[in-house]
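Presented below, as C-alpha coordinates, is a lone chain in the form predicted alone.
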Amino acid sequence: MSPSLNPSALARLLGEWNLGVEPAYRELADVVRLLVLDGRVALDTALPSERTLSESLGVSRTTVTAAYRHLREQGFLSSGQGSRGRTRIPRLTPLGTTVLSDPGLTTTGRTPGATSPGLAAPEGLIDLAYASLPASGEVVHRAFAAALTELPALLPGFGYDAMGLLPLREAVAARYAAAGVPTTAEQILVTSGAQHALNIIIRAVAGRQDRVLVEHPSYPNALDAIRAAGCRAIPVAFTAAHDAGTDRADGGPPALAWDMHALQATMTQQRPTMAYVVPDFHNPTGQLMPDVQRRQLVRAAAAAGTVLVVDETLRELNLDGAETSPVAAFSPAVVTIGSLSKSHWGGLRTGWIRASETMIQRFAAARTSLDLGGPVMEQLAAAHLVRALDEPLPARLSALRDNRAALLELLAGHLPGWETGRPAGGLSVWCRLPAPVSTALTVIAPDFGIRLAAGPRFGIGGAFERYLRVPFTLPPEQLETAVLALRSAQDRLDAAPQLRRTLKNAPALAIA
(Lines give C-alpha, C1' and ligand atoms only; values in the text may rest on other atoms or scores of the structure.)
Protein backbone atom coordinates (compact mmCIF):
# COMPACT_ATOMS: atom_id res chain seq x y z
CA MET A 1 0.00 0.00 0.00
CA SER A 2 1.40 3.40 -0.98
CA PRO A 3 2.13 5.80 1.91
CA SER A 4 0.22 8.96 2.70
CA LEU A 5 1.20 12.01 4.72
CA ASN A 6 -1.13 13.64 7.21
CA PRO A 7 -1.21 17.45 7.41
CA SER A 8 0.40 17.76 10.83
CA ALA A 9 3.33 15.56 9.79
CA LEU A 10 3.87 17.62 6.63
CA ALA A 11 3.62 20.85 8.65
CA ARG A 12 6.42 19.63 10.93
CA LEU A 13 8.59 18.79 7.95
CA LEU A 14 7.96 22.17 6.36
CA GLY A 15 9.22 24.06 9.39
CA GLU A 16 9.45 27.83 8.92
CA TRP A 17 8.59 28.27 5.26
CA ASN A 18 6.31 31.32 4.86
CA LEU A 19 8.93 34.07 4.81
CA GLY A 20 6.99 36.62 2.80
CA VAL A 21 9.71 37.14 0.21
CA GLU A 22 7.86 35.39 -2.63
CA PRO A 23 4.18 34.59 -3.05
CA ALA A 24 3.23 32.11 -0.34
CA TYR A 25 2.26 29.40 -2.81
CA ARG A 26 5.73 29.57 -4.42
CA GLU A 27 7.49 29.31 -1.08
CA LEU A 28 5.30 26.36 -0.08
CA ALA A 29 5.94 24.60 -3.39
CA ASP A 30 9.70 25.23 -3.09
CA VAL A 31 9.97 23.56 0.29
CA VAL A 32 7.72 20.61 -0.63
CA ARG A 33 9.85 20.05 -3.74
CA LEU A 34 12.96 20.13 -1.54
CA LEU A 35 11.47 17.55 0.83
CA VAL A 36 10.75 15.23 -2.09
CA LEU A 37 14.19 15.62 -3.66
CA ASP A 38 15.88 15.26 -0.29
CA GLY A 39 14.07 11.97 0.37
CA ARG A 40 12.32 13.27 3.50
CA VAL A 41 9.02 12.76 1.71
CA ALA A 42 9.09 9.42 -0.11
CA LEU A 43 8.02 9.09 -3.71
CA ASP A 44 4.45 7.95 -4.42
CA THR A 45 3.33 9.50 -1.12
CA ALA A 46 -0.15 11.02 -1.10
CA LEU A 47 -0.01 14.60 0.16
CA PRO A 48 -2.74 15.99 2.41
CA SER A 49 -5.86 17.39 0.80
CA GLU A 50 -5.91 21.09 0.04
CA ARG A 51 -8.50 21.73 2.74
CA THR A 52 -6.78 19.85 5.57
CA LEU A 53 -3.34 21.23 4.76
CA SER A 54 -4.60 24.81 4.57
CA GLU A 55 -6.21 24.37 8.00
CA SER A 56 -3.05 22.84 9.47
CA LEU A 57 -0.79 25.59 8.09
CA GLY A 58 -3.17 28.44 8.79
CA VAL A 59 -3.16 29.68 5.20
CA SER A 60 -5.89 30.03 2.60
CA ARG A 61 -6.95 27.04 0.55
CA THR A 62 -6.13 29.12 -2.53
CA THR A 63 -2.47 29.16 -1.46
CA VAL A 64 -2.31 25.37 -1.13
CA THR A 65 -4.20 24.86 -4.39
CA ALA A 66 -1.75 27.09 -6.25
CA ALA A 67 1.26 25.37 -4.63
CA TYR A 68 -0.03 21.92 -5.66
CA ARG A 69 -0.70 23.16 -9.16
CA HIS A 70 2.85 24.52 -9.37
CA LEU A 71 4.25 21.16 -8.23
CA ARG A 72 2.14 19.34 -10.84
CA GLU A 73 3.35 21.64 -13.59
CA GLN A 74 6.95 20.92 -12.59
CA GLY A 75 6.29 17.17 -12.55
CA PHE A 76 6.69 16.67 -8.80
CA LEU A 77 3.06 15.83 -8.08
CA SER A 78 0.70 13.51 -9.92
CA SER A 79 -2.87 14.40 -10.83
CA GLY A 80 -4.61 12.22 -8.30
CA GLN A 81 -8.24 11.87 -7.38
CA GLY A 82 -9.43 15.20 -5.96
CA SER A 83 -6.43 17.00 -4.51
CA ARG A 84 -4.65 13.88 -3.16
CA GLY A 85 -1.78 13.97 -5.63
CA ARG A 86 1.21 11.68 -5.12
CA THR A 87 4.83 12.78 -5.11
CA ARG A 88 6.89 12.10 -8.22
CA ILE A 89 10.20 13.06 -9.88
CA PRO A 90 10.05 14.28 -13.51
CA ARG A 91 11.88 11.96 -15.88
CA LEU A 92 12.69 11.85 -19.58
CA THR A 93 11.54 9.08 -21.90
CA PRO A 94 13.66 8.09 -24.92
CA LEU A 95 11.42 10.32 -27.04
CA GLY A 96 12.13 13.31 -24.84
CA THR A 97 8.71 13.58 -23.15
CA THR A 98 8.35 14.17 -19.43
CA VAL A 99 6.83 11.29 -17.47
CA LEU A 100 6.42 10.44 -13.80
CA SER A 101 9.04 8.32 -12.10
CA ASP A 102 8.40 4.81 -10.88
CA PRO A 103 7.00 4.55 -7.34
CA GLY A 104 9.41 3.47 -4.67
CA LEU A 105 12.53 5.20 -6.00
CA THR A 106 14.44 7.25 -3.46
CA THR A 107 16.41 10.45 -3.90
CA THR A 108 18.52 10.42 -0.76
CA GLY A 109 21.97 11.84 -1.38
CA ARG A 110 21.02 14.00 -4.36
CA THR A 111 20.88 17.72 -4.95
CA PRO A 112 17.66 19.45 -5.98
CA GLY A 113 17.67 21.07 -9.37
CA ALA A 114 20.71 19.28 -10.74
CA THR A 115 20.31 16.92 -13.65
CA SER A 116 20.31 13.18 -13.16
CA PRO A 117 20.55 10.72 -16.04
CA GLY A 118 17.14 10.80 -17.70
CA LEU A 119 15.78 13.73 -15.67
CA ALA A 120 13.91 16.03 -18.02
CA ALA A 121 14.49 19.73 -18.27
CA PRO A 122 11.10 21.39 -18.81
CA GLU A 123 10.66 23.13 -22.12
CA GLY A 124 12.31 26.54 -22.19
CA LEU A 125 14.70 25.79 -19.31
CA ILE A 126 18.36 26.65 -19.95
CA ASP A 127 20.35 23.65 -18.77
CA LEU A 128 23.65 24.54 -17.10
CA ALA A 129 23.96 21.18 -15.33
CA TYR A 130 25.49 19.61 -18.43
CA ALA A 131 28.95 20.58 -19.67
CA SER A 132 28.60 19.17 -23.18
CA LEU A 133 28.49 20.41 -26.75
CA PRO A 134 26.06 19.64 -29.55
CA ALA A 135 27.37 17.35 -32.28
CA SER A 136 29.89 18.49 -34.84
CA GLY A 137 27.01 17.78 -37.18
CA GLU A 138 28.37 17.44 -40.72
CA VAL A 139 31.50 15.62 -39.57
CA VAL A 140 29.57 13.08 -37.51
CA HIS A 141 26.97 12.55 -40.23
CA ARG A 142 29.67 11.97 -42.84
CA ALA A 143 31.40 9.42 -40.59
CA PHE A 144 28.20 7.42 -40.16
CA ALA A 145 27.51 7.54 -43.90
CA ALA A 146 30.96 6.06 -44.53
CA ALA A 147 30.41 3.46 -41.81
CA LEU A 148 27.20 2.37 -43.45
CA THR A 149 29.06 1.40 -46.61
CA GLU A 150 31.60 -0.61 -44.57
CA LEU A 151 29.08 -2.46 -42.43
CA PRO A 152 28.14 -5.23 -44.93
CA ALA A 153 31.67 -6.65 -44.82
CA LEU A 154 31.27 -7.31 -41.10
CA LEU A 155 27.80 -8.82 -41.15
CA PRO A 156 28.96 -12.45 -41.64
CA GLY A 157 30.72 -12.28 -38.28
CA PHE A 158 29.17 -12.63 -34.82
CA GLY A 159 29.49 -8.91 -33.99
CA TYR A 160 30.94 -9.49 -30.51
CA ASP A 161 34.39 -8.13 -29.72
CA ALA A 162 35.36 -7.28 -26.16
CA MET A 163 38.48 -5.48 -27.37
CA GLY A 164 36.74 -3.37 -30.01
CA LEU A 165 37.01 -3.19 -33.77
CA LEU A 166 40.60 -3.32 -35.01
CA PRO A 167 40.33 -0.26 -37.33
CA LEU A 168 39.22 1.90 -34.41
CA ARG A 169 41.92 0.55 -32.10
CA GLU A 170 44.53 1.21 -34.78
CA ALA A 171 43.27 4.77 -35.28
CA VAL A 172 43.38 5.51 -31.52
CA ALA A 173 46.84 3.95 -31.22
CA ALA A 174 48.07 6.12 -34.08
CA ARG A 175 46.84 9.26 -32.28
CA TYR A 176 48.87 8.35 -29.18
CA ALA A 177 51.95 7.57 -31.28
CA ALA A 178 51.66 10.96 -32.99
CA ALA A 179 51.53 12.59 -29.53
CA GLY A 180 54.82 10.95 -28.52
CA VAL A 181 53.41 7.86 -26.81
CA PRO A 182 54.24 4.76 -28.92
CA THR A 183 51.13 2.59 -28.84
CA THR A 184 49.89 -0.53 -30.63
CA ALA A 185 46.31 -1.63 -31.25
CA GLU A 186 46.80 -4.34 -28.61
CA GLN A 187 47.16 -1.55 -26.02
CA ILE A 188 43.67 -0.15 -26.75
CA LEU A 189 40.33 -1.37 -25.43
CA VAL A 190 37.27 0.30 -26.97
CA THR A 191 34.47 1.14 -24.50
CA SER A 192 31.00 2.65 -24.54
CA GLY A 193 32.22 6.02 -23.34
CA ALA A 194 34.61 7.24 -20.65
CA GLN A 195 32.30 6.34 -17.77
CA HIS A 196 32.11 2.75 -19.02
CA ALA A 197 35.91 2.73 -19.25
CA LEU A 198 36.27 3.85 -15.63
CA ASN A 199 33.82 1.21 -14.41
CA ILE A 200 35.82 -1.48 -16.19
CA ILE A 201 39.08 -0.26 -14.69
CA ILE A 202 37.68 -0.10 -11.16
CA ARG A 203 36.22 -3.60 -11.52
CA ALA A 204 39.59 -4.94 -12.65
CA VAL A 205 41.98 -3.29 -10.19
CA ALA A 206 40.08 -2.24 -7.04
CA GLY A 207 38.05 -4.25 -4.55
CA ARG A 208 35.59 -3.26 -1.85
CA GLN A 209 37.10 -0.97 0.78
CA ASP A 210 40.18 -0.36 -1.36
CA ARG A 211 41.40 3.24 -1.29
CA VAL A 212 41.09 5.34 -4.45
CA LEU A 213 42.79 8.73 -4.49
CA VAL A 214 40.77 11.51 -6.16
CA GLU A 215 41.21 15.22 -6.68
CA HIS A 216 38.88 17.42 -4.66
CA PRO A 217 36.77 18.66 -6.41
CA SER A 218 36.41 15.91 -9.00
CA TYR A 219 34.14 14.65 -11.78
CA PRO A 220 30.85 13.66 -10.07
CA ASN A 221 30.18 10.51 -12.08
CA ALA A 222 33.66 9.23 -11.26
CA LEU A 223 32.97 9.70 -7.56
CA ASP A 224 29.71 7.82 -8.04
CA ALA A 225 31.49 4.92 -9.76
CA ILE A 226 34.04 4.68 -6.95
CA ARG A 227 31.31 4.67 -4.30
CA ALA A 228 29.19 2.16 -6.22
CA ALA A 229 32.14 -0.26 -6.31
CA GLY A 230 32.39 -0.09 -2.54
CA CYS A 231 35.79 1.64 -2.67
CA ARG A 232 36.91 4.41 -0.33
CA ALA A 233 37.55 7.72 -2.07
CA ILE A 234 40.53 9.56 -0.58
CA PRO A 235 40.22 13.25 -1.55
CA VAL A 236 43.20 15.55 -2.03
CA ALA A 237 42.25 19.22 -2.21
CA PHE A 238 43.50 21.71 -4.75
CA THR A 239 45.47 24.65 -3.43
CA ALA A 240 45.55 28.32 -4.42
CA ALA A 241 47.94 28.99 -7.29
CA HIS A 242 50.17 31.26 -5.18
CA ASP A 243 50.68 28.38 -2.75
CA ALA A 244 51.89 26.29 -5.68
CA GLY A 245 54.20 29.05 -6.93
CA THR A 246 52.12 29.89 -9.99
CA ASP A 247 50.46 33.25 -9.33
CA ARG A 248 48.17 34.60 -12.02
CA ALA A 249 49.86 37.17 -14.24
CA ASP A 250 46.69 39.21 -14.71
CA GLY A 251 46.39 40.01 -11.00
CA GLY A 252 42.95 38.37 -10.71
CA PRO A 253 41.89 36.00 -7.93
CA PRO A 254 44.36 33.13 -7.58
CA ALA A 255 43.55 30.11 -9.71
CA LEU A 256 43.51 26.64 -8.22
CA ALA A 257 46.42 24.24 -8.69
CA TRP A 258 47.31 20.69 -7.80
CA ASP A 259 48.88 20.38 -4.35
CA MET A 260 51.73 18.06 -5.26
CA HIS A 261 53.02 17.85 -1.69
CA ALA A 262 49.61 16.62 -0.53
CA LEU A 263 49.28 14.20 -3.45
CA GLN A 264 52.69 12.69 -2.80
CA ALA A 265 52.14 12.49 0.95
CA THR A 266 48.73 10.85 0.52
CA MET A 267 50.16 8.21 -1.79
CA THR A 268 53.05 7.53 0.58
CA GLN A 269 50.89 7.32 3.69
CA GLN A 270 47.62 5.86 2.39
CA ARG A 271 49.01 3.59 -0.36
CA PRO A 272 45.83 3.83 -2.45
CA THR A 273 45.15 0.95 -4.82
CA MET A 274 44.23 3.38 -7.56
CA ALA A 275 44.31 7.11 -8.28
CA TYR A 276 41.87 8.87 -10.64
CA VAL A 277 43.00 12.26 -11.95
CA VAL A 278 41.94 14.71 -14.70
CA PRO A 279 45.14 16.67 -15.51
CA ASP A 280 43.91 18.09 -18.82
CA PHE A 281 41.45 20.96 -18.27
CA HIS A 282 40.23 19.43 -15.08
CA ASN A 283 36.50 19.02 -14.53
CA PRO A 284 35.25 21.25 -12.91
CA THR A 285 38.12 23.74 -12.42
CA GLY A 286 39.47 23.82 -16.00
CA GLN A 287 43.09 23.69 -14.78
CA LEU A 288 45.97 22.17 -16.76
CA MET A 289 48.69 20.24 -14.96
CA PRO A 290 52.26 21.22 -16.02
CA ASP A 291 54.64 18.51 -17.24
CA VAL A 292 56.85 18.81 -14.17
CA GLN A 293 53.89 17.88 -11.96
CA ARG A 294 52.92 15.05 -14.29
CA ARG A 295 56.36 13.53 -13.77
CA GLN A 296 56.04 13.94 -10.02
CA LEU A 297 52.62 12.32 -10.04
CA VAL A 298 53.86 9.31 -12.03
CA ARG A 299 56.82 8.81 -9.71
CA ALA A 300 54.65 9.05 -6.59
CA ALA A 301 52.19 6.49 -7.96
CA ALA A 302 54.98 4.09 -8.90
CA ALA A 303 56.59 4.39 -5.46
CA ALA A 304 53.25 3.69 -3.74
CA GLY A 305 52.29 0.81 -6.04
CA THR A 306 49.21 2.79 -7.09
CA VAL A 307 47.54 2.28 -10.47
CA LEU A 308 47.42 5.77 -11.96
CA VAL A 309 44.28 6.34 -14.06
CA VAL A 310 44.31 9.50 -16.17
CA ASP A 311 41.11 10.85 -17.73
CA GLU A 312 41.95 12.71 -20.96
CA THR A 313 38.36 13.24 -22.10
CA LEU A 314 38.84 17.02 -22.27
CA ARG A 315 42.42 17.08 -23.58
CA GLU A 316 41.44 18.14 -27.11
CA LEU A 317 39.61 21.23 -25.81
CA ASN A 318 42.81 23.27 -25.47
CA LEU A 319 41.64 26.86 -25.78
CA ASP A 320 44.93 28.68 -25.15
CA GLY A 321 47.30 26.37 -27.04
CA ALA A 322 49.28 25.30 -23.96
CA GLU A 323 51.63 22.39 -24.67
CA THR A 324 51.82 19.42 -22.33
CA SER A 325 52.71 15.78 -22.83
CA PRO A 326 50.22 12.97 -22.21
CA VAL A 327 50.86 11.53 -18.75
CA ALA A 328 51.44 8.13 -20.40
CA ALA A 329 54.58 9.62 -22.01
CA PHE A 330 56.23 9.51 -18.57
CA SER A 331 55.48 5.87 -17.71
CA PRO A 332 54.21 2.73 -19.49
CA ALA A 333 52.27 1.88 -16.32
CA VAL A 334 49.81 4.78 -16.72
CA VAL A 335 46.24 3.84 -17.62
CA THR A 336 44.57 6.44 -19.84
CA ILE A 337 40.89 7.03 -20.57
CA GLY A 338 39.82 8.82 -23.75
CA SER A 339 36.51 9.62 -25.41
CA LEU A 340 34.82 11.37 -28.33
CA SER A 341 32.02 12.72 -26.13
CA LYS A 342 33.48 16.21 -25.57
CA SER A 343 35.35 16.74 -28.83
CA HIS A 344 32.55 15.49 -31.11
CA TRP A 345 29.31 14.51 -29.38
CA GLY A 346 28.14 12.85 -26.18
CA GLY A 347 25.62 10.81 -28.17
CA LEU A 348 28.42 8.80 -29.78
CA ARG A 349 29.11 6.92 -26.52
CA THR A 350 32.52 5.82 -27.77
CA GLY A 351 35.58 5.80 -25.54
CA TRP A 352 38.70 3.77 -24.92
CA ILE A 353 41.36 2.67 -22.45
CA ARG A 354 45.06 2.84 -23.28
CA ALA A 355 47.39 0.74 -21.12
CA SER A 356 50.02 -1.97 -21.32
CA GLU A 357 49.02 -5.12 -23.20
CA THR A 358 48.92 -7.05 -19.91
CA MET A 359 46.56 -4.54 -18.32
CA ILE A 360 44.37 -4.38 -21.43
CA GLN A 361 43.89 -8.15 -21.29
CA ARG A 362 42.96 -7.79 -17.63
CA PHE A 363 40.42 -5.09 -18.48
CA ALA A 364 38.96 -7.14 -21.34
CA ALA A 365 38.40 -10.05 -18.96
CA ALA A 366 36.69 -7.76 -16.44
CA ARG A 367 34.56 -6.24 -19.17
CA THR A 368 32.83 -9.52 -20.07
CA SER A 369 30.83 -9.36 -16.83
CA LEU A 370 29.44 -5.99 -17.96
CA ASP A 371 28.90 -6.49 -21.70
CA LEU A 372 30.28 -8.38 -24.70
CA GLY A 373 31.40 -5.39 -26.74
CA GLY A 374 30.23 -2.12 -28.19
CA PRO A 375 27.91 -1.40 -31.15
CA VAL A 376 29.69 -2.14 -34.43
CA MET A 377 28.19 0.70 -36.46
CA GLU A 378 29.25 3.32 -33.92
CA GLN A 379 32.80 1.94 -33.84
CA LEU A 380 33.09 2.08 -37.62
CA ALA A 381 32.01 5.72 -37.55
CA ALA A 382 34.30 6.45 -34.61
CA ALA A 383 37.31 5.14 -36.56
CA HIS A 384 36.65 7.78 -39.23
CA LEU A 385 36.25 10.49 -36.57
CA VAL A 386 39.48 9.57 -34.76
CA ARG A 387 41.47 9.52 -38.01
CA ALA A 388 40.19 13.04 -38.77
CA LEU A 389 40.00 14.21 -35.15
CA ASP A 390 41.43 17.65 -35.87
CA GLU A 391 38.91 18.53 -38.60
CA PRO A 392 36.07 19.94 -36.45
CA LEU A 393 38.29 21.25 -33.65
CA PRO A 394 39.39 24.69 -34.95
CA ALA A 395 35.81 25.91 -35.38
CA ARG A 396 34.67 24.38 -32.08
CA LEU A 397 37.60 25.84 -30.17
CA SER A 398 37.03 29.27 -31.69
CA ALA A 399 33.38 29.21 -30.62
CA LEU A 400 34.33 28.05 -27.13
CA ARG A 401 36.84 30.90 -26.77
CA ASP A 402 34.13 33.39 -27.68
CA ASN A 403 31.71 31.74 -25.24
CA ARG A 404 34.30 31.73 -22.47
CA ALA A 405 35.04 35.42 -22.95
CA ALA A 406 31.33 36.24 -23.00
CA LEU A 407 30.61 34.26 -19.84
CA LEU A 408 33.49 35.76 -17.87
CA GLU A 409 32.44 39.27 -18.91
CA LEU A 410 28.81 38.61 -17.99
CA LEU A 411 29.70 37.17 -14.59
CA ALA A 412 32.00 40.09 -13.83
CA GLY A 413 29.32 42.59 -14.83
CA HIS A 414 26.25 41.05 -13.20
CA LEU A 415 27.74 39.01 -10.34
CA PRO A 416 30.85 40.94 -9.28
CA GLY A 417 30.95 39.17 -5.93
CA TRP A 418 31.65 35.86 -7.66
CA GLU A 419 35.31 34.91 -8.08
CA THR A 420 35.93 33.30 -11.47
CA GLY A 421 39.18 31.80 -12.66
CA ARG A 422 39.91 31.76 -16.39
CA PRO A 423 40.13 28.10 -17.45
CA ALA A 424 42.84 27.22 -19.94
CA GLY A 425 40.50 24.81 -21.69
CA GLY A 426 37.57 22.51 -21.18
CA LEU A 427 33.95 23.55 -21.06
CA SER A 428 33.21 25.34 -17.79
CA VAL A 429 34.12 27.97 -15.22
CA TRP A 430 34.43 27.04 -11.53
CA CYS A 431 32.98 30.00 -9.63
CA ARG A 432 33.54 30.83 -5.98
CA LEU A 433 30.39 32.35 -4.49
CA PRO A 434 30.33 35.07 -1.83
CA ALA A 435 28.34 32.81 0.51
CA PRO A 436 27.65 29.05 0.91
CA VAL A 437 24.51 29.08 -1.22
CA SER A 438 25.29 26.68 -4.08
CA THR A 439 22.63 24.12 -3.20
CA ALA A 440 20.08 26.81 -2.41
CA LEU A 441 20.70 28.41 -5.81
CA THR A 442 20.27 25.02 -7.46
CA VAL A 443 16.94 24.43 -5.73
CA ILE A 444 15.34 27.69 -6.82
CA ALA A 445 17.09 28.02 -10.20
CA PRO A 446 14.28 26.35 -12.21
CA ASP A 447 11.92 29.10 -11.06
CA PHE A 448 14.17 31.53 -12.97
CA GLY A 449 14.45 29.38 -16.09
CA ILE A 450 17.78 27.62 -15.52
CA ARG A 451 19.06 24.31 -14.20
CA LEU A 452 22.32 24.04 -12.26
CA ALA A 453 24.70 21.48 -10.80
CA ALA A 454 25.39 22.36 -7.17
CA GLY A 455 28.97 22.58 -5.97
CA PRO A 456 28.69 19.72 -3.42
CA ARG A 457 27.97 17.37 -6.31
CA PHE A 458 31.67 17.65 -7.20
CA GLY A 459 32.94 16.78 -3.75
CA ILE A 460 32.75 14.48 -0.76
CA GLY A 461 31.02 15.14 2.53
CA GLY A 462 29.11 18.25 1.50
CA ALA A 463 32.12 20.33 0.45
CA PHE A 464 31.96 23.16 -2.13
CA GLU A 465 28.82 24.95 -0.98
CA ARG A 466 30.67 28.12 -1.99
CA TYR A 467 31.26 26.89 -5.56
CA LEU A 468 29.23 26.49 -8.72
CA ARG A 469 30.23 25.08 -12.10
CA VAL A 470 28.94 27.21 -14.99
CA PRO A 471 29.52 25.79 -18.50
CA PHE A 472 30.25 28.05 -21.47
CA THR A 473 28.89 25.59 -24.03
CA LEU A 474 25.95 27.82 -24.95
CA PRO A 475 26.11 30.77 -27.36
CA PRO A 476 26.61 34.26 -25.83
CA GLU A 477 22.94 35.29 -26.08
CA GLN A 478 21.83 32.25 -24.07
CA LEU A 479 24.67 32.75 -21.61
CA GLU A 480 23.44 36.30 -21.04
CA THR A 481 19.94 35.03 -20.27
CA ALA A 482 21.41 32.43 -17.93
CA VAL A 483 23.60 34.90 -16.03
CA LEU A 484 20.72 37.33 -15.61
CA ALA A 485 18.70 34.43 -14.19
CA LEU A 486 21.56 33.62 -11.81
CA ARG A 487 21.55 37.25 -10.70
CA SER A 488 17.81 37.11 -10.01
CA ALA A 489 18.13 33.82 -8.12
CA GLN A 490 20.90 35.22 -5.94
CA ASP A 491 18.86 38.36 -5.28
CA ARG A 492 16.03 36.18 -4.03
CA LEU A 493 18.34 34.33 -1.66
CA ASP A 494 19.94 37.58 -0.47
CA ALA A 495 16.47 38.84 0.45
CA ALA A 496 15.56 35.62 2.28
CA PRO A 497 18.39 34.39 4.53
CA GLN A 498 16.06 31.90 6.27
CA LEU A 499 15.17 30.32 2.92
CA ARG A 500 18.87 30.13 2.13
CA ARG A 501 19.58 28.31 5.39
CA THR A 502 16.67 25.90 4.82
CA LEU A 503 17.63 24.99 1.27
CA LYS A 504 21.32 24.63 2.09
CA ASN A 505 20.72 21.26 3.73
CA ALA A 506 19.79 19.39 0.58
CA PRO A 507 22.26 16.76 -0.65
CA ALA A 508 23.05 16.35 -4.46
CA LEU A 509 21.48 14.77 -7.58
CA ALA A 510 23.57 12.94 -10.14
CA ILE A 511 24.55 14.95 -13.20
CA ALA A 512 26.33 14.51 -16.47
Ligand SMILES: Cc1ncc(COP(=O)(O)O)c(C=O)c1O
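Just count from 1 along the sequence shown to find any residue number. Not measured: the values here are computed from a predicted model.
From this point on, the text means the form predicted in complex with this ligand, which you will not see here.
- Contact annotation for the candidate site: 256, 287 and 422 all lie away from this ligand in the predicted bound form (no heavy atom within 4.5 Å).
- The contact with this ligand in the predicted bound form, taken as any heavy atom within 4.5 Å, belongs to 341 out of 136, 341, 264, 324.
- For the candidate set 211, 349, 175, 396, a heavy atom within 4.5 Å of this ligand in the predicted bound form is found for exactly one residue, namely 349.
- Within this chain, residue 301 is remote from the site of this ligand in the predicted bound form, having no heavy atom within 4.5 Å.
- Contact check for residue 283: a heavy atom falls within 4.5 Å of this ligand in the predicted bound form.
- Though the partner is left out of this view, residue 195 does reach within 4.5 Å of this ligand in the predicted bound form, counting heavy atoms only.
- This ligand is not shown here, and in the predicted bound form it never comes within 4.5 Å of any heavy atom of residue 407.
- The stretch that touches this ligand in the predicted bound form, counting heavy atoms within 4.5 Å, is 186-194, out of 186-194, 357-365, 385-393, 430-438.
- For the partner-free chain shown, nothing in 138-166 comes within 4.5 angstroms of this ligand in the predicted bound form, judged by any non-hydrogen atom.
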